[in-house]
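Form predicted alone, single chain, as structure tokens, below.
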């Protein structure tokens, strides 16, 4: 009986490893395509060239970002990845800034918030309020906390997390501005 159970486990493990080997590359390609589409969505339309991912450290944490350039090679924006913790866990957000530090657009890459409540953070009705949002002029926190962000009804935790994530991205952007860039 032990030998039979061992053989079954061995066969199942081999099948699982085989399926993983077959699907790993397509899954990685789909994730890369989703990331590329999100980068283009959050950056200004004048961005024609997007750099490979760079990393910056702030407060002991590492953040990935991409710089974008126009056809003349001028920097037109920056896309930063943040992952604040909401009610259902981390909310992966890509935040696009123009060169002045104004939020161009945001895109939720993944989230596990409550369907019908916190999951509304992916809807345009919520994220549109951040287009053109200047963190230097407005406060990135929900109105309930004295800020300028309209919270999702019955989902203040998710709204706070989203706003906190954008505030973190704004600080990361300021850190990136102070980071020496390699010469092209």
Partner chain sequence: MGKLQLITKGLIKENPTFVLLLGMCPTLATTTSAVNGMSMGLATMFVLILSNMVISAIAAYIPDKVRIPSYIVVIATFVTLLQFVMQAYVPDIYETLGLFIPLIVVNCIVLGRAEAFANKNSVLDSALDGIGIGLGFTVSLTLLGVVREILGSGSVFGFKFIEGDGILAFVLAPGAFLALGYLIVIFRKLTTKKAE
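What we label the rigid core is the largest C-alpha set whose atoms superpose within 1.5 Å from one form to the other. Here the structure is a predicted model, which is why all the values come from computation and not from measurement. Residue numbers count along the first chain shown, from 1.
Omitted here: the form predicted together with the partner chain. The next part is about that form.
**Q** Report whether the minimum heavy atom distance between residue 177 and the partner chain in the model of the complex is within 4.5 Å.
**A** No, residue 177 is distant from the partner.
**Q** Using the partner position in the model of the complex, report whether residue 60 sits within 4.5 Å of the partner chain, counting heavy atoms only.
**A** Outside the cut-off, so no.
**Q** So in the model of the complex, does any heavy atom of residue 50 sit within 4.5 Å of the partner chain?
**A** Residue 50: no, not in contact with the partner chain in the model of the complex.
**Q** Since only the chain is shown here, I'm wondering whether residue 40 would be in contact with the partner chain in the model of the complex (any heavy atom pair within 4.5 Å).
**A** Residue 40: no contact with the partner chain in the model of the complex.
**Q** So which of 41 to 49, 25 to 33, 66 to 74, 136 to 144 is the stretch with heavy atoms within 4.5 Å of the partner chain in the model of the complex?
**A** Among the listed stretches, the partner-contacting one is 25 to 33.
**Q** Heavy atom within 4.5 Å of the partner chain in the model of the complex: which residues of 102 to 131 meet that condition, in order?
**A** In sequence order, 109, 114, 115, 116, 117, 120 come within 4.5 Å of the partner.
**Q** Once both forms sit on the same rigid core, is the C-alpha displacement of residue 174 at or above 2 Å between this form and the one not shown?
**A** No, its C-alpha moves less than 2 Å.
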